[in-house]
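Okay, here we've got a single chain as structure tokens, the form predicted alone, with questions on binding and movement later.
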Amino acid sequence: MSLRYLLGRVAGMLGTLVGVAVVVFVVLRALPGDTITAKLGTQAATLTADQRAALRHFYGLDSSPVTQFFRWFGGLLHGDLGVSMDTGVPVTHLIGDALPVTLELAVLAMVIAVPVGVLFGMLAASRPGAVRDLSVQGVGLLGLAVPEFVVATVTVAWLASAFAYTPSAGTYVSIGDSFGGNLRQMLYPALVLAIGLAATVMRTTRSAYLEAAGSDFVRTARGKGVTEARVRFRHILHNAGIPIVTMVGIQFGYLLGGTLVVEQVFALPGLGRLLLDGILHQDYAIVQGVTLLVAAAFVVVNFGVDVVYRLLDPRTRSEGRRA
């Protein structure tokens, strides 16, 4: 990849993140109420004007929104995401504790979903219109139609009735403390996430596989006597890889910010729960920090997908050099 291409992508990534920072900041300030109201509830109405002014000064809410933004953005350039208005803990520490949980959950869900989705997509595409094709598509449609919160709730209810297991945030075990204990806690939420992901990957794989299977080079390979297994994996699946990689990259970026419901149901202290707590308490620093991190993850994953494109398809490398 050329230096010009890399510089252009980096500039675009930085511009996207600045735009996200501005939008999130403006939207949060446009919401009714503030941190004081969210923290004190109905007791906020009993505050005197001097008490409210003192609290606004303490939380840094007495300055103009423009000043607040540049103060926060200036700290961001130095790696400081601010301090939680609710707990007084630096946001970087809160994110540092929550990110490994969400990252592990996302990786585990992808490890389960991608192989299952690709294999069932190939299975369905190998006999289009047959019973197994229609069956796989029907199961995939069901996996996409059922909301995650329904699957998660049913799973927790089943775990409670079958094993007397009820998720609790206070019982979370990190992978460093106990690999087996951590896996027992993370496996079921990962399976819940993997259902919809596998269905999405399956549908993408089926479409890309059918398109590649009708190409001239596939007929030529079969005419030369290449084994069917080699034709399917080396010729068809390899050339169907770009749409699959795109979907996997998009879904992984989504997982880093879209596990809120599953983390809440299974009481996992990840980014989703941290973001939800920040929203409920109107903790501006937490919401801004987590949202910016999720946006950065999407941007980086998108860049990684482009790199994989160029490894899978030499034509994109030549187009990049001409550009």
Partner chain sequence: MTRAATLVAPAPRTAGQPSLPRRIVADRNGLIGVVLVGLLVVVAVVSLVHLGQDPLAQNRTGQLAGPSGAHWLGTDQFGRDIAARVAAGVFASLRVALVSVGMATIVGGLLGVLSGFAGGVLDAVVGRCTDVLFAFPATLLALALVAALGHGWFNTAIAIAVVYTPIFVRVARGPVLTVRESEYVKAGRVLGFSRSRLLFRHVLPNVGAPIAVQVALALSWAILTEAGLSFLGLGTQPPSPSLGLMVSDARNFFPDAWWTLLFPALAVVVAVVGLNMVGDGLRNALDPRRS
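Only a predicted model underlies this, so the values are computations on that prediction, with no experimental measurement involved. Positions refer to the first chain, counted from 1.
Only in words, not in the display: the form predicted in complex with the partner chain, which the text now covers.
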_When the partner chain is placed as it is in the predicted complex, are Val20, Leu28 and Val150 each within 4.5 Å of it, taking any non-hydrogen atom of the residue?_
yes
_At 4.5 Å between heavy atoms, is Gly253 in contact with the partner chain in the predicted complex?_
yes
*Answer yes if any heavy atom of Val305 is within 4.5 Å of a heavy atom of the partner chain in the predicted complex; otherwise answer no.*
no
_Residue-level contact is defined here as any heavy atom of the residue lying within 4.5 Å of the partner chain in the predicted complex; does Leu280 satisfy this criterion?_
yes
*Close approach of Val24 to the partner chain in the predicted complex, 4.5 Å, heavy atom*: yes
*Of the residues Ala157, Leu77, Val131, Ala164, which one places a heavy atom within 4.5 Å of the partner chain in the predicted complex?*
Ala157
*Between the options Leu144, Ile175, Leu187, Leu210, which residue brings a heavy atom to within 4.5 Å of the partner chain in the predicted complex?*
Leu144
_Stretch 2 to 21 - residues with a heavy atom within 4.5 Å of the partner chain in the predicted complex_ = Gly12, Gly15, Thr16, Gly19, Val20
